[in-house]
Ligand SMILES: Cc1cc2nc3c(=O)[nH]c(=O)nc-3n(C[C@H](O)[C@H](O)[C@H](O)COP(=O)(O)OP(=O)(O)OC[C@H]3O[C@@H](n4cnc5c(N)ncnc54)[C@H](O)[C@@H]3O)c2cc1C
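Given next, in structure tokens, is a single chain: the form predicted alone.
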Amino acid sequence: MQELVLVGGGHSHALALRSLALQSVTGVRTTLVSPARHTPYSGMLPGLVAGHYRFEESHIDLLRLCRWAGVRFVAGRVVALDPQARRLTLRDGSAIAYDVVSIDIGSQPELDAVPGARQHAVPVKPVAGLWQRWQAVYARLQAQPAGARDYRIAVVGGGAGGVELAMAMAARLAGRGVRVALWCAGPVILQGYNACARRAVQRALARLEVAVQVDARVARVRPGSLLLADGRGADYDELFWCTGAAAAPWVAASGLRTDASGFLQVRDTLQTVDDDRVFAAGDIAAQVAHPRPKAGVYAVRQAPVLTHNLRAALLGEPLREYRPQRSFLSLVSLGGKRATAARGPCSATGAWVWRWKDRIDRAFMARFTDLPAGPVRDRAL
């Protein structure tokens, strides 16, 4: 019995699990290791915060998926990888051996670059922590009596994640005496987006009364206050951190080659450059021949190649190569049921874009809720 271990419940692995179950490999036991039973679909996270979706609509139930697929589910967090011994170590000290391993654990906000951020900010990832904190904030503000002082929410990060989160919070808390501020270190928000899309998002931020601060790099975080690089200060009651992208420290500690940010360097087959038995996909992977920004669309597109190559590695068959597209469609939620679509120099904004995005997101999630009935042949446990 060969051991295939999937570390993390990201988009690539969720899709791979579904495909592997429908075309299973005899003589292989598959294990998924994830710290949480539910994994969020990133495209629906702003809608979840804004109140457009329920938790179960925006999260994949990994345990249910594994039971359907005949896959062993291990609730735990990997803290070490030993490629020579082909062994993973979990936080509780237990170990899992593998013949082939795939890593899809995503990225996390870079907190350690700014003193005090790790101690006082709520990172956007892991989403479970963000969701719990947001629910607590929302419940507290719902109970706040009329005429109470303004509540100040600060969101640090001018990329799509920070912008969407700020607008989702502002839309959900409209009329409750809450001031939302977005702090962006660069000269503009949404760097890399075309000017038309950026203007549409800026208008949406203004309608929601989100105060946007550009050229505002946070140098230090103190309890209840931000200190900017130019010497200015700003107070907050709640701080959410959406800037940068960092890899889990154990990835680089494995000895496998990583890029400057600690992400695993992989070939076009999605195998690491050092070890044919270690695969990586999604944000944690840095494709050496085709570097691309971190975006969920690449994880989804990698899934068919990853699935084929994991099966091929176990069977000793030829592998395929993944060639990422140069540009992709970006759909930015605008707090309410409106969105902006952008690709290259083209963009569009309106309620119809949100409905289009909603259909895409629900169709993706339906792959994990509307699972084929009946047993899948040749499942190996």
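Fair warning: this is a prediction, and the values are worked out from it, not measured in the lab. Each residue number is its position in the shown sequence, starting from 1.
The same protein also exists as the form predicted together with the named molecule; that form is not shown, yet it is the one meant from here on.
> Tell me which of 271 to 279, 307 to 315, 228 to 236, 242 to 250 has residues with heavy atoms within 4.5 angstroms of the named molecule in the predicted complex?
Replying inline: Careful reading of the contacts points to 242 to 250.
> Which of these residues, Ile153, Val78, Ala303, Val101, gets a heavy atom within 4.5 Å of the named molecule in the predicted complex?
Replying inline: The residue from Ile153, Val78, Ala303, Val101 that makes the contact is Val78.
> Of the options Leu65, Leu45, Ala339, Ala342, which one has a non-hydrogen atom that comes within 4.5 Å of the named molecule in the predicted complex?
Replying inline: The residue from Leu65, Leu45, Ala339, Ala342 that makes the contact is Leu45.
>> If we define contact as a non-hydrogen atom of the residue within 4.5 angstroms of the partner, is Leu334 a contact of the named molecule in the predicted complex?
In response: No, Leu334 is distant from the partner.
>> If we define contact as a non-hydrogen atom of the residue within 4.5 angstroms of the partner, is Ala121 a contact of the named molecule in the predicted complex?
In response: Outside the cut-off, so no.
> Pro35 near the named molecule in the predicted complex, any heavy atom under 4.5 Å?
Replying inline: Looking in the predicted complex, residue contacts with the named molecule include Pro35, since a heavy atom lies within 4.5 Å.
> Should Val297 be classed as touching the named molecule in the predicted complex when contacts are defined as heavy atoms within 4.5 Å?
Replying inline: Within the cut-off, so yes.
> Taking the named molecule in the predicted complex, which residues of 2 to 19 have any heavy atom within 4.5 Å of it?
Replying inline: Val7, Gly8, Gly9, Gly10, His11, Ser12 sit within 4.5 Å of the partner.
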